[in-house]
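Just the one chain here, the form predicted alone, laid out as structure tokens.
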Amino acid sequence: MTATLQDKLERFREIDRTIKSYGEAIGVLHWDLRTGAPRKGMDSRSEAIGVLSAEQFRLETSSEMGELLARLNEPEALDTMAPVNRRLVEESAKAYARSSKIPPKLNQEFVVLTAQAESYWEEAKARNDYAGFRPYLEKIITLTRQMIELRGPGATPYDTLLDDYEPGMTTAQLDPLFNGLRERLVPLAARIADSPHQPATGFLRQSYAVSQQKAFSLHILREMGYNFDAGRLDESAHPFATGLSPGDVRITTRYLEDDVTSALFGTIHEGGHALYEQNIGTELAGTTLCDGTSMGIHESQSRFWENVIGRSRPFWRRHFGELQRRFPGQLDVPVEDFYRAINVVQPSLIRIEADELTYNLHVIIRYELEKQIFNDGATAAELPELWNAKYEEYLGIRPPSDREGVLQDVHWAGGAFGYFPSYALGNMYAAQIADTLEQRMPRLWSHVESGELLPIKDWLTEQVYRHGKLLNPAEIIRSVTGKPLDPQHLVGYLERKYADIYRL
């Protein structure tokens, strides 16, 4: 590498470090907004986020960055670089091509708006006030449409949004995946509904002390290998994870006094995200590659820990006694009854509390609504009825209020259109990775039953976590499993699991 090229690379790395630092500061402010910022400080905090985001955006799209990337992203220059530098240049060039088309003022307006909207969404949900929240959502949709036009829509406008969360993914690829999944899962759900062997679940709905729920959640996080010297557990209206750096990955959960499982599985889910972020390779620290490679792969880890491990029979053979000890007299049932109860399949209104099978239908509903918004022109005013009709069609239930319907998720308030498909993709990735893990680790379930979860975390660190964004989603799944994403792994996993539970 010539001296001039080396100088350009060093300057590029310096700017990238600064961009990453701004991202960490913005992440702290977002976390604070959603976990305890005083109500009267929300607007000024949102403005502060906007100012920092504007500076970050300015660096990402500056003429200097464009000039550096024009030279560094040439094939002959890339061929001389170490893998980390090469990937960093390629990812930055893609981000520059996308972001440089957006006027800085529009970007800042969007950032401030969504920061405010997330706070007002929380209040609107509590009050069941979609009408009060709707002006924010209308503006978010309008600005998102403007940015799609500026960036240049793909085969469809919605494809532009999908690529932000799952690089390379399109509606042409997702439609057959999701249609095939729905065609297999709806009949399976019907067979389950007709089974005479329905699990008893009444014992799960009692008054469970929140203090003990929190203590047990902390216990399980430690068992998973979550590093509390590099993270913390807080409460929020909607569980989430914030990865600032491998040394600071924070998670939240939501406690319901009348449900012993909601916070627990929410905590395990966010803990799966956190294990990913805490174990990214040290050579990526301080760079914009120090992040999950896609939200689909990220969700594969949260869903793997929450469902494949956390809802498994061996997991509860290990941990049910400890749960009983924390709630004496309330869970006096055999462990098998508890296992079947936490895996009950029932159409439900709330996505984050849905069972493994119908969860995918919740995601498909949101995917189809987002396509209607950006490909077909559906409006914010129409969304509550569109939402309710989809739930009636796919799950046979109709939300009695917007709190349990269109207001239940924070994603649209944050402008995260295109994110929801990541959850179902994550389920597919997780099942395929789990099948490979079972082959590579013959004692997998013995490890789980004996409480030895660290070998699983270590294997996932080697196969997935350490790579950060050094590999793209297609490269990760092929590297781990030896083949491209195949949804049949998820279908097979669900059919085997529920045939056993419901004695089909």
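Residues carry their position along the shown sequence, with the first being 1. Everything numeric here is computed off the predicted structure, so don't read it as measured data.
The same protein has a further form, the form predicted in complex with a further copy of the same chain, not shown here; the description that follows concerns it.
- In the model of the complex, a further copy of the same chain sits within 4.5 Å of a heavy atom of residue 25.
- Although the partner is absent from this view, residue 390 stays clear of a further copy of the same chain in the model of the complex, with no non-hydrogen atom inside 4.5 angstroms.
- Heavy atoms of residue 47 reach within 4.5 Å of a further copy of the same chain in the model of the complex, making it an interface residue.
- Heavy atoms of residue 147 never reach within 4.5 Å of a further copy of the same chain in the model of the complex, leaving it off the interface.
- You can rule out all but one of 413-421, 248-256, 367-375, 212-220: in the model of the complex, only 248-256 has residues with a heavy atom within 4.5 Å of a further copy of the same chain.
- Though a further copy of the same chain is absent from this view, in the model of the complex it lies within 4.5 Å of a heavy atom of just one residue from 451, 66, 455, 41, which is 41.
- Looking at 15-42, the residues that come within 4.5 Å of a further copy of the same chain in the model of the complex, counting any heavy atom, are 17, 18, 21, 22, 24, 25, 28, 29, 31, 32, 35, 36, 37, 38, 39, 40, 41.
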